[in-house]
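A single chain comes next, written as structure tokens; it is the form predicted alone.
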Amino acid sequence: MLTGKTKLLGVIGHPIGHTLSPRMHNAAFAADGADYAYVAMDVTPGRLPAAVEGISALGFVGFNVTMPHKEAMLPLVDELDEAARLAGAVNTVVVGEGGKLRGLNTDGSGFVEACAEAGVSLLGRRVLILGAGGAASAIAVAVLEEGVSRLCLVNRTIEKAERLRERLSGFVDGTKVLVRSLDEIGEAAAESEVLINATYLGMKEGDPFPFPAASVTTEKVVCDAVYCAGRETALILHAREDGACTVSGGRMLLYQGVQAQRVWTGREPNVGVMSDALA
């Protein structure tokens, strides 16, 4: 039951109706008797600064940030952790004393934890990321930290992928980071062992397939940052049918949420309950 002592958390994005985060977090809080409540808030891009100021003023202890606000949050926080700075994107905010905002990014580390759950090691692998936005940037940082042998970035706007490569240049430490145009995605996918979709594609039924279907084979690891309530994305379904190892967006959602909850509450989250809520 909500009281005047309940600690408030939430997620801001646009659109936000599809989000499963409130179900996941609130199920864990209820199971453990933790006095927290997590809500979804639809915030249009033009209202983001006002919304962030209001969330702080209302006494929230933290919140998540989802599309399309992850990059726009950077100038709105007082502090950035290293992962968020390198990625150029914020997905988790901690509200401290006096309303001071600390921006974090748990997307990349959540992705790595989801890979580990699936028995996927990234060490020495050739990785392709489709996309160059907030989620793609965070995953790029995380896979480089895991020691991939090569990272290929493919994006509709090649200039945005080039900017991401530049941000990563001081962090790579010998790992090759390549940029390919969308026209070259078939060749890039054929050369890669791990394929990661970090675009919007797959969020809506009827979306184009992120990768050429012929590139999804039994030898590949296929990962999707997109998740859909009540169903798997077409990419994950197709990959499983073809015998590929898969990491779904739902598992990435779970583990980025687990890490965010650790930071907000100082407690170890109830991962089993969170996972059941998503299922």
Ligand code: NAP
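Numbers for residues come from their place in the sequence shown, where the first is 1. Everything quoted here is computed from the prediction, not taken from an experiment.
Keep in mind that the form predicted in complex with the named molecule is missing from the display, and what follows is about it.
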| When you measure heavy atoms, are Val77, Val90 and Gly103 every one within 4.5 angstroms of the named molecule in the model of the complex? | no
| task | Look up in the model of the complex whether Ala34 has a non-hydrogen atom within 4.5 angstroms of the named molecule, and give yes or no. | result | no
| Taking the shortest heavy atom distance, is Phe29 within 4.5 Å of the named molecule in the model of the complex? | no
| said: Contact with the named molecule in the model of the complex for Met67, defined as at least one heavy atom pair within 4.5 Å: yes or no? | reply: yes
| request: Answer for Val141 alone: is it within 4.5 Å of the named molecule in the model of the complex, judged on heavy atom distances? | output: no
| said: Taking 4.5 angstroms as the heavy atom distance cut-off, pick the stretch from 144 to 152, 191 to 199, 95 to 103, 118 to 126 that is near the named molecule in the model of the complex. | reply: 191 to 199
| said: Within 4.5 Å, heavy atoms only, which of Ala136, Met73, Leu164, Ala84 is in contact with the named molecule in the model of the complex? | reply: Ala136
| Which residues from 140 to 172 come close to the named molecule in the model of the complex, meaning a heavy atom within 4.5 Å? | Asn155, Arg156, Thr157, Lys160
